[in-house]
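The chain below stands alone, shown as structure tokens; this is the form predicted on its own.
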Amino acid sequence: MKLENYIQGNWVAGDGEGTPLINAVTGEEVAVATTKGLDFKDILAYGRSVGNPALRKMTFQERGLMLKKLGLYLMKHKAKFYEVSFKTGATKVDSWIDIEGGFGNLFANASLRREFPNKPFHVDGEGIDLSKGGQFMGHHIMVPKRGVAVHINAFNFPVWGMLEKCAVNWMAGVPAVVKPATNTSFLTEAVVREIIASKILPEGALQLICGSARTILDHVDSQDIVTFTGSATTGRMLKANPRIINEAVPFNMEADSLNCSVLGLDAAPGTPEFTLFIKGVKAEMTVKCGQKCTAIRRIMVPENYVEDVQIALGKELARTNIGDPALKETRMGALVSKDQVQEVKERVADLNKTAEIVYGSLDTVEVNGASAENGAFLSPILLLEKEPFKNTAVHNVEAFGPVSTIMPYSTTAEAVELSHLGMGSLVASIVTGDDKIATEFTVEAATHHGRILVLNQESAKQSTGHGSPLPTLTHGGPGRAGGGEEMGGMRGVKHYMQRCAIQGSPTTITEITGIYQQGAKYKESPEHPFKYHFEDIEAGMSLKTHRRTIMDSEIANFANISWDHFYAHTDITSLGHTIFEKRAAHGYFILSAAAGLFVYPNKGPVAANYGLDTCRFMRPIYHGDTIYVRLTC
């Protein structure tokens, strides 16, 4: 079967024989992928000319509801994706992370619509007064870029890897061209077929390329955005493309890194934290066969607990049932391919020059329900590097599989120093019940990590674990990890938008942004605003109320009702040498009085007032003072 590419509104099979895609469990051919004959320049132009206008004209509310609808649709069809996922070597749990985790990104980003206006663009931050007279100001708006997002993804998460990026660029109003890793692209293609069949996305919002796309970056322009997930070597090569440099194309790189997990000095054998640590490391070694960019590669342990960790972790790994991922009892499936198995073995051999293999074998593996000879199976490999400051291969060589290395440290400062030797990673974790240790490690290690998980028995029940990036937090890291950021809630959405500073009078900026700016002209409302429906109210529409004089007796009564007997409200004999000149009204009484001035009593469209934001008491209101309210949208 030849996989098809979805480009320019059609499913198209490439020319030629293509690359065979192999079932990781059986060694049988699943499909053939080829992009020969595809015109990448035209594909990108189609996204810009068709998909981009359709998405950028939608409001954030419309885009968010679109993502929610797509997520619900895909959840109804998830069963068929699991059947395909097993062929990548992924177990049910592995597939759940990839498939339903990917759909979860749609829901999480759909919820971001509450943080954005019901407009196609975003108003960023607060207005800035640029003049003494108040009639010249600045602000920032963010608009969707007019290009496409080109996503070059890794083999380990064919669904999540696509949707964690696409959900963000769609929310921003930008279309995507997705280039999954070829060897697992058959799963990505299955999901994209359902997405296209749903007709939920506007045409051109998503295109798919299954196979080689070596020259696609030669056609990007300054309005495009490129993201890459994979090896640091490949990422650096792509980032150096002359077109990327000359067009100043944003390039977000998320590279595999040598992530670490630290057992705190306090987490002795027998403590809840020690148990949590062992379980966490074991999970990160075996879930997805350790083929995760966030997997724990370096296990940092207090020097007097090294043997305990080695024994406990060995026992846990021995209980890991390896075999056919479709079987319920299987806890670790196959690596993505035999080529990947061979590469992992070569990297382990590099580590083994100084580090000792203390669990597992490179030559034999016991497999249930499948053939070790036909499938891409490998035993978990645990190494021990006794001199991690002297022998630095452990901080430079990554075996992208079920492989991790224990190393000793003596102080928390040493643990921080060891973590830094990885030269930048996506995530670090520390398991400790001592918040002082957690603070010392986190603050000092943060420069070299994109995320730090602090785990203890209090957070463990609800923690998502060391290896789980979350849509609302940034995913990326410095140095070897690529220096990029993905997801991150609103931060991620803004990555696909252009920030532009705008200048003008407050009245003009109000019209442009749809948000009233201090000093702008009022639009006096002919009717009380509570008589209007929401869609009939405009920014700048304003009501000036009648006046009310604050009486001395009202202040005394409010003090009795509220029990707020602060001296400035109740004891005028104590005002000497204070900032108060006369009896001052309670701030909350002034708010209550203001509500009485602006609230329209008759029945109308308004349902409820749900709160006040950024309320400030700037100066005292004294008895005898007269107030009114200016209520402005």
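Predicted model only: the values in this text are computed from it and were never measured. For every residue, the number given is its place in the sequence shown, counted from 1.
The form predicted together with a small molecule is left out here; the points below concern that form.
Of the listed positions (71, 360, 478, 230), a single one reaches within 4.5 angstroms of the small molecule by any non-hydrogen atom in the predicted bound form, namely 230.
For the options 188, 156, 91, 207, the residue carrying a heavy atom within 4.5 angstroms of the small molecule in the predicted bound form is 156. Looking at residue 182, you'd find a heavy atom of it within 4.5 angstroms of the small molecule in the predicted bound form.
Though the partner is left out of this view, residue 398 does reach within 4.5 Å of the small molecule in the predicted bound form, counting heavy atoms only.
Contact between residue 280 and the small molecule in the predicted bound form is not found at the 4.5 Å heavy atom cutoff. Although the partner is absent here, residue 238 lies within 4.5 Å of the small molecule in the predicted bound form, judged by heavy atoms. Just one listed stretch, out of 454-462, 261-269, 172-180, 383-391, contacts the small molecule in the predicted bound form at the 4.5 Å heavy atom level, and that stretch is 172-180.
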